[in-house]
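As structure tokens, one chain now follows by itself in the form predicted on its own.
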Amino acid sequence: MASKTLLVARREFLENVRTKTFWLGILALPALLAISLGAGVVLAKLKETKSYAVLDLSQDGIGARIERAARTPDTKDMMQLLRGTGLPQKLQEIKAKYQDVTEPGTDGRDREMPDEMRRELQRAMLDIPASDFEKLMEHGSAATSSDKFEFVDLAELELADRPIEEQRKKLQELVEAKKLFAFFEIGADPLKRLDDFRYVSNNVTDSALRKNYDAAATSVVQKMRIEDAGIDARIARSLQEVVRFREQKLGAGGAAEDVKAGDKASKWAPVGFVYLLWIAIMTAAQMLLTNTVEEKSNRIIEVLLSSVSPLQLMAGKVWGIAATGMTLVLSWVACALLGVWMAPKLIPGLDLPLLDIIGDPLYLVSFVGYFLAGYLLYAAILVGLGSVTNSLKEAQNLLQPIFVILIVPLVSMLFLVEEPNGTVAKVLSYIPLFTPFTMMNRAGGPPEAYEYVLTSALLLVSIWLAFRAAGKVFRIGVLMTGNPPKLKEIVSWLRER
């Protein structure tokens, strides 16, 4: 029996892997993901330069100060970070080394950051705690695109000496004619009111320029108001300092240590694995369903059953497609490892230890193990469905309830990463249809060892029961033709001993 099952499995495996379309299909997903991830970087570089002008109505003519502040958001954020307390050792050393630079000048403005200091800060970024890293990225997000903004002086537009109303009308015409992307209007008295600050543009979806200028204008106006109130610059900075709790975790020795950006990335890694697991299981299981229905409708199964028993045929099909699925999974893993190895070379400044995260044995072993378990469970269900249908159209109709069930792991992915050991995560872990996805999703937690044991035992028992039930349905259904059996008939088959 084993030899005949193996022959069927070998036939199913070779029938798939020796075709060019199978390997093209394997490469399609990594290529799609690479294009999706790389498209953002490429499209950002291809973004057109946005030209803008500034109509400065303020008494002090603060437009030049705002423009200068808008051009140096990264420097300002780094300076603000270094003025905080509780910095990691490397940043403390940089702060001490460049003490004169980190302190504001006598006019309260930030000093120019030397190139050497900037390079040292960039090298130390990997050790910045995740909370500070997120804050830096939040405030410095506009810096990455600031080189795509082009300031156009009013003199260049021949508007410098014209009346205000004429300047405003001409700028509106230039925006309407798309010769300017936008223009800013700075209010007359920012010390007292801000409701006459305006941003005029016909593009209401791209807000990068406005946000960049918002932050710069806020910084300048705040400094003006502090100076006008006669508040000492040091006191003002102290009053404006944001409370930010330093994120820490307990290390191997029980001591608290800073949470780094790479630590957080590793905890979110299961989301990617679960998504690929979902695709892999459904791809392999649907492949099994399609093969079964096609061979039944083409009467090939009748020829095969003249040499093997129904159970041998079913087992051979399941294991043959399982080997095909494993080829699919291992190819994706290889592509993922290749991708994260190449990512730092293609994206300068990428400091996250992606190779360590993706190549973590816990994730890789869990991924392969849960793929096999999930595939076998859903394969048993789908091979049973395939045996009682006569066409792919009938099979697709029966697949709808399965797809509804499989939506649950997808919609709960992000929630489970945030609460990997919460009540919802634990409940879903003990529902066999969700166990492979949920336990993979919780791997970053990770769950207690006893949960792995109990859920795995429950999953294996469910697979055994599913195969017993599928065997009974397949044995009778695979030879049936005409109208598909009713649910009552299928239940009666399952009751037979």
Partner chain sequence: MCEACGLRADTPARILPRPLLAHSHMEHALRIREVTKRFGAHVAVDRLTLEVPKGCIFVFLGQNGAGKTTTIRMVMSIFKPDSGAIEVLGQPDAALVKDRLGYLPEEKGLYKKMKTAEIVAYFGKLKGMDPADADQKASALLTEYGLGDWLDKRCEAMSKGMGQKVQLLGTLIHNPDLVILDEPFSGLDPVNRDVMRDTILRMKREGRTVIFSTHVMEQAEQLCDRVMMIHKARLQFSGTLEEVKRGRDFGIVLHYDGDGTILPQTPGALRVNDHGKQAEIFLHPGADPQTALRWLVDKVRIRKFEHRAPTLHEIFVRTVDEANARLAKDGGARAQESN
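Everything quoted here is computed from the prediction, not taken from an experiment. Residue numbers count along the first chain shown, from 1.
Here the subject shifts to the form predicted in complex with its partner chain, a form of this protein not shown in this document.
- When its partner chain is considered in the model of the complex, V303 lines it closely, a heavy atom lying within 4.5 Å.
- In the model of the complex, its partner chain sits within 4.5 Å of a heavy atom of L7.
- Within 4.5 Å of some heavy atom of its partner chain in the model of the complex lies at least one heavy atom of E295.
- Of the heavy atoms in S307, some are within 4.5 Å of its partner chain in the model of the complex.
- Proximity to its partner chain in the model of the complex, defined as a heavy atom within 4.5 Å, holds among R299, K249, K211, K393 only for R299.
- Proximity of R65, A69 and D206 to its partner chain in the model of the complex is absent: no residue of the three has a non-hydrogen atom within 4.5 angstroms.
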